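Take a look at this one chain, the form predicted alone, written out in structure tokens.
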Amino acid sequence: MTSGGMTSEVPTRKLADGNEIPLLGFGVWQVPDGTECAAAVRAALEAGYRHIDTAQAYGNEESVGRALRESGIAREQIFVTTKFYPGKKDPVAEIEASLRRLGIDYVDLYIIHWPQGGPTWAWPGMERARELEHARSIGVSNFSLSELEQTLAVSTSTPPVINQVQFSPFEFRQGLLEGCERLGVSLESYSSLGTGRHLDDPTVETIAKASGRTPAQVLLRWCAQREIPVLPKSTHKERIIENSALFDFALSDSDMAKLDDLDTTGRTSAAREGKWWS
């Protein structure tokens, strides 16, 4: 079974604004601020990841920033994402605070974390953040196709280039994926492993065994093979390395179809099954 790290440079996807996002990123959701988070990010950077995804709501931007500095890697070589917490009022003020916590001059991607209060009210502030060069690209997260279309309709200078949603063979939101592609918005996947619950599925395990890969690698490759950026998260160095080995193999058309059939969403255009905010 293959468990080694990256064997080739991570490919990128060109966004609608011309910027490029690595197809493999490292997520830090639910990693507490402090030593553990900084160590995990450092391990990811040492393993070859060049895309780090954090958020204001995660409360760990300071640790991410510390790891970026300690890595010794040039800032321009690392794609950094953070997310606007929509419980606040001003995306510009919040990104300025994020930049102070991260210790950097800009992020590569700044996205609205979820559509609390409606999908459109924060977008002018997101556009302003980009105009001020606090963010090179701007986008959204957890937006349905309808919410994305509403946001595009009010965009005056820069439309969203990313919609980051839960996406995997089990959450194969085909209607949302196809809608995003039609609108020129790149889909990005979080929780591709279902926070671990997808790893024991018999179909995934069978494909992994036949491929000489791990179930996690199969699930992540399913996204990457569609040119969908993925954000696996782990605090274990060996798992961080293992999750990076996605670009030296391919799944067959038959295996991709078998994985597609695991969908439980009805190929929806929705980004989530319910609200977690008031």
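In this text the structure is predicted, and so the values were computed from the model without any measurement. Start at 1 and count along the sequence shown; that's the residue number.
There is also a form predicted together with a small molecule; it is not shown, and the following applies to it.
For the marked spot (196, 233 and 239), a heavy atom within 4.5 Å of the small molecule in the predicted complex is present in each of the three residues. When the small molecule is considered in the predicted complex, residue 191 lines it closely, a heavy atom lying within 4.5 Å. When contacts are judged by a 4.5 Å heavy atom cut-off, residue 216 counts as touching the small molecule in the predicted complex.
Contact annotation for residue 54: none of its heavy atoms lies within 4.5 Å of the small molecule in the predicted complex.
Contact annotation: residue 243 falls within 4.5 Å of the small molecule in the predicted complex, judged by heavy atom distances. Stretch-level contact analysis of 205-213, 224-232, 247-255, 64-72 against the small molecule in the predicted complex, using heavy atoms and a 4.5 Å limit, identifies 224-232.
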